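Presented as structure tokens, the chain that follows is alone, the form predicted alone.
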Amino acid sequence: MRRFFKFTGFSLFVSLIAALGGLLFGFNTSIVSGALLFLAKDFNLTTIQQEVVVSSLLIGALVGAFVGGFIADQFGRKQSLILTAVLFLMGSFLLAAAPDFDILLVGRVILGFAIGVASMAVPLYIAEMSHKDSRGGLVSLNQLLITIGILLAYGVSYYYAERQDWRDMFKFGVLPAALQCIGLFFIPETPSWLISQGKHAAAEKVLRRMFGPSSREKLEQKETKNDTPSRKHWKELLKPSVRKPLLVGIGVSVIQQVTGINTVIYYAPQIFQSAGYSTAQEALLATLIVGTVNVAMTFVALWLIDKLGRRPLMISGLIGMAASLAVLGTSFFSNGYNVGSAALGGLVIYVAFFALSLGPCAWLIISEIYPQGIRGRAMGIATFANWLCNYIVSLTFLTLLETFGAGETFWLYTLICLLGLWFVYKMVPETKGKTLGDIQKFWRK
């Protein structure tokens, strides 16, 4: 395995511990899709209040993404991960015990802040702990664990659906958060951040654990040093060599969200109920099928991303997503007996293409294309754009369904996929097989 994937056991171990933040990201964003079916009854929620329950997490994520880059650059990648693990514990306990709607929102905002920081810090940490030939696969472990977290949330929701126990659904999130808190004691700070702080001896020690006492270690250290700007300041983002990658990162982050993936993640049970699935259990079972496909195709993406590259996966994925959304939107116009089957098939194909492309590639690209000294800040801006679009999509989706109908709504997302395809084709470079230093040389040219 090591020779095929070109990573050491140590790199895999630290990547998995960090990627537990991805599992918590996926679980806590998705568990609300099942819990919401029963929360709405217990708290007598209106449609707008349901949207607020979902989107309140995204408000916290917006703040977390905005300040997370500064935290990662100032205090380190590992400290950022420790902060998120503690907040995941706090938020999960608060949601499970929420006595009213207001406390529920507070818990969701805390979890959202943790998710906003983790969505930036996890791929950043893994990218800086990886060799160029395995960086795509290792960073994509984050997306794999996000999908596993989503599937876990769907499974937990289905298990507790008969009892309608939404509190235990939220309480389950304590387990992976506690596991990550323990695991973080056994991983180091990244060598890139240590070198940026002048801690060269500590960085060399980590590099030896990553690659062994070889020429590869010296090469990686040299490239890491060359990748560091002379000053760590927000003004560095305005340099010509940084402006274009900043635009590319923001564009890819926006496309990942505005193509509609989180309408499926957050509202899949409601979509299936509108397509003819009569009971909550039937809708949640169909959602569980979608989540299983999401995980399976992410495994395929891990295998392909360092072989085929980022651009081919994103281009083919966006074509497949657009086609499946067009079929899905058309199925809602028929009003026939097969609408439910067509909706399930369309969503499964859409999620499969997303898992192969934008799912892992967006987080990977924004962790690769920025210079070290301001990588956290630049990733924070791109991640903020990601969560802002996530917030807008989640806040408006149910309203779009009620105002225009499911068919028209999914056709709108089809058009957005085609616009995203144009942007990726014209603007996004290939980063496969390049060191972080090589990528910076490309932008400087």
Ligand code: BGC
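The first residue of the shown sequence is 1; numbering continues from there. Because the structure is a prediction, the values reported are computed rather than measured.
A second form of this protein, the form predicted together with beta-D-glucopyranose, is not displayed here; the remarks below concern that form.
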**OP:** Report the residue, out of S140, S80, T287, T147, that has at least one non-hydrogen atom within 4.5 angstroms of beta-D-glucopyranose in the predicted complex.
**Re:** T147
Original post:
Here the chain is shown alone; which of S196, Q257, S324, S157 has a heavy atom within 4.5 Å of beta-D-glucopyranose in the predicted complex?
Top reply: Q257
Original post:
Which single stretch, out of 301 to 309, 355 to 363, 88 to 96, 180 to 188, brings residue heavy atoms within 4.5 Å of beta-D-glucopyranose in the predicted complex?
Top reply: 355 to 363
Original post:
Is there a heavy atom of N28 no more than 4.5 Å from a heavy atom of beta-D-glucopyranose in the predicted complex?
Top reply: no
Original post:
Is Q372 a contact residue for beta-D-glucopyranose in the predicted complex, using a 4.5 Å heavy atom cut-off?
Top reply: no
Original post:
Going by a heavy atom distance of 4.5 Å, is V174 a contact of beta-D-glucopyranose in the predicted complex?
Top reply: no
Original post:
Within a 4.5 Å heavy atom cut-off, is I261 in contact with beta-D-glucopyranose in the predicted complex?
Top reply: yes
**OP:** Using the arrangement in the predicted complex, list in sequence order the residues of 287 to 318 with any heavy atom within 4.5 angstroms of beta-D-glucopyranose.
**Re:** N294
